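One chain is shown next in structure tokens, namely the form predicted alone.
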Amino acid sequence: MKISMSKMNFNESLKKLEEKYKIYAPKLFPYAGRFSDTDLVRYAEVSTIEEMVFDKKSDFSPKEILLPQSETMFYFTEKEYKEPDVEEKGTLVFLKSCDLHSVKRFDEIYLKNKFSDIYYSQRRDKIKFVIVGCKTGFDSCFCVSMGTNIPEDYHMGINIREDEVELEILDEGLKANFQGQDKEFEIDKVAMNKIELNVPEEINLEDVINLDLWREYDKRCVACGKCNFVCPTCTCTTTQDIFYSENENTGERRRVWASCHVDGFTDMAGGHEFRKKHGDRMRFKTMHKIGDFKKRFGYHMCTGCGRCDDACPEYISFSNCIKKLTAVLGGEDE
């Protein structure tokens, strides 16, 4: 079903949907950015289309909804444990095509990777996705090169115009909430980025493990882990046991985000530590994003959103890293 409707009527429909869903979209937080007098755009609950920010790139991805930065896995006492109650409401997430493709990567890791993660599965079953048309992307985007510019497997798609909203509604449960005029259109998609990459089709570890290009990152990378935290496809976590001060035999176990770039990530019993050099950590991440994941699942893990480039305090560009690697392996880039 394809229709158009005014923004006022669209907001009325959102109001009805709020009875059944929590609605998330990128939202502007003035003066909350990482530098003085800068804004922050991140996913948060919204009630109107005017609150949604799609003309600026969100600093964080909708990964925060699928996999919270910190979540309680269970509460424990001396004798028993209890898992947290499951949220009854569904979730409606407004996002762009590249970020929807990141959900596909998450599903591979948390639902199809030999076992299904119960916490992720319970949350994922209640989420519906609304694709927001994207025409041009941003300066650091390279979604076309990564094949994530074409939206797939969404429940509803919209184009936000100046005076109206165009809707393509595919989910039967959502159709009854929107009334408008029939209209033929296509969901906007990016045809070309400023950054174009020639990503190697197959990368073997023995061909890249000792390359000199990784040594550049030994000093440039400060191992802060920002690139991992803003990445929509970084899925690593660790666990923490929190003991309550009122009774140290009670507490909760939390799952929190982890980063392959920070010190301590590879620490093992017996004092073993792998990838001590920051450049080796960059190699590990690069292989994971454009090599190892593809060998297992058939497509690249990186979606080309470019958030890692935007967030790095040392201005390290992941797209430039891919170009350098392609050139060394005999491709045309750089």
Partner chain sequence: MNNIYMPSPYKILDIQQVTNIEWLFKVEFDRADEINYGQFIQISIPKVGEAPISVTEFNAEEGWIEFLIRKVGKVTDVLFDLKAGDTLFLRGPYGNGFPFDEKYKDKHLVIVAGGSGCGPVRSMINAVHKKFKSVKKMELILGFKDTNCIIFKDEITSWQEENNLVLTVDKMCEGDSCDLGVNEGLVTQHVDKLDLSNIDDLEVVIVGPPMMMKFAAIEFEKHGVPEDKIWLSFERKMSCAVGKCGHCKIDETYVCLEGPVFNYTKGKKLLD
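Numbering follows the first chain given and starts at 1. Because the structure is predicted, anything quoted here is derived from the model rather than measured.
The same protein has a further form, the form predicted together with its partner chain, not shown here; the description that follows concerns it.
Note that among 304 to 312, 46 to 54, 280 to 288, 32 to 40, the stretch whose heavy atoms approach its partner chain to within 4.5 Å in the predicted complex is 280 to 288. Among heavy atoms of V222, none comes within 4.5 Å of its partner chain in the predicted complex. Contact check for E87: no non-hydrogen atom falls within 4.5 Å of its partner chain in the predicted complex. Although the partner is absent here, F265 is a contact residue: one of its heavy atoms lies within 4.5 angstroms of its partner chain in the predicted complex. A176 falls outside the set of residues with a heavy atom inside 4.5 Å of its partner chain in the predicted complex. Contact with its partner chain in the predicted complex holds for all three of K79, D117 and T250, each having a heavy atom within 4.5 Å. A heavy atom within 4.5 Å of its partner chain in the predicted complex is found for one listed residue only; from L170, A191, I150, C236, this is C236.
With the partner removed from view, the residue among I160, L213, M73, I127 that has a non-hydrogen atom within 4.5 Å of its partner chain in the predicted complex turns out to be M73.
In the predicted complex, A258, G264, F265, T266, D267, M268, A269, G270, H272, F274, R275, R283, F284, H288, D292, K295, R296 are the residues of 257 to 296 with at least one heavy atom within 4.5 Å of its partner chain, listed from first to last.
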